[in-house]
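One chain follows as structure tokens, the form predicted on its own.
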């Protein structure tokens, strides 16, 4: 695995004086993130063709949720051009930005921020990344698919909105905490319209689940090898494919279970690449399709994946 950039902290941000155009990703934890080598490879490639990008650099910061408001204020004051947000900041930041892009509002979560004079402008590129990755690895579209989404956090919200906006056949959401599940179902009801939208506890899959489900894990279960799978795939009626948004480690307990059952598995590396390329497009104006191949190669190198 390639060496990763150092993990920076709030203290580093408070004393920040680096010249040039800075970008960052914030998370808790953030040690597993390979966004810096991925983005920095794309920026280096852009700089070779366009001197405007010569001083652009992407960093990662470990930021506790309690420190997020302070971190966002500092990042804005120090004029970071853009910020990515990962677990658990996507929902927390939603009400702390000056403006939310219309496409991100239904999700109630933001994963990409762009600097403006009046404050942060929030976007959500998770849905774009998910749809692009599913098309790439499974040759499948969300349109017309029966989808089982695991989780009700920030990543799940972006995925759920994308599923409904692309008119999936049905959307089933499994989450351990009923309160969070009910909140998400209520938020999505208007967008779902006539599309069947149901929720349940992952320990108790209900009767009536359709066969051929596209199972998407948007929980953090699997970041540790000791984590149990977030759902028992054998209890589901013949899933067609299993997509885990986790990319590091590249093989999670859920994906191993899928492979054992001969269900096509894929991790979240493709989603990371495509949502990242879309974020860079928001910050730079360079089309995501132009930078995605460079990002993909850098991401595979960072993980030591052939």
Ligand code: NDP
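Positions refer to the first chain, counted from 1. Every value quoted in this text rests on a predicted model; they were computed, and no experiment measured them.
Only in words, not in the display: the form predicted in complex with this ligand, which the text now covers.
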property	result
Contact label in the predicted bound form: residue 180 to this ligand, heavy atom within 4.5 Å	yes
Any non-hydrogen atom of residue 219 within 4.5 angstroms of this ligand in the predicted bound form	yes
Heavy atom of residue 132 within 4.5 Å of this ligand in the predicted bound form	no
is_contact(residue 87, this ligand) in the predicted bound form, heavy atom dist at most 4.5 Å	yes
In the predicted bound form, the residue from 34, 254, 277, 245 that sits within 4.5 Å of this ligand by heavy atoms	245
Heavy atom within 4.5 Å of this ligand in the predicted bound form - the one residue of 176, 140, 105, 76 that qualifies	176
Stretch in contact, per heavy atom within 4.5 angstroms of this ligand in the predicted bound form, of 155 to 163, 114 to 122, 189 to 197, 205 to 213	155 to 163
Residues from 264 to 290 in contact with this ligand (non-hydrogen atom within 4.5 Å) in the predicted bound form	268, 271, 272, 275
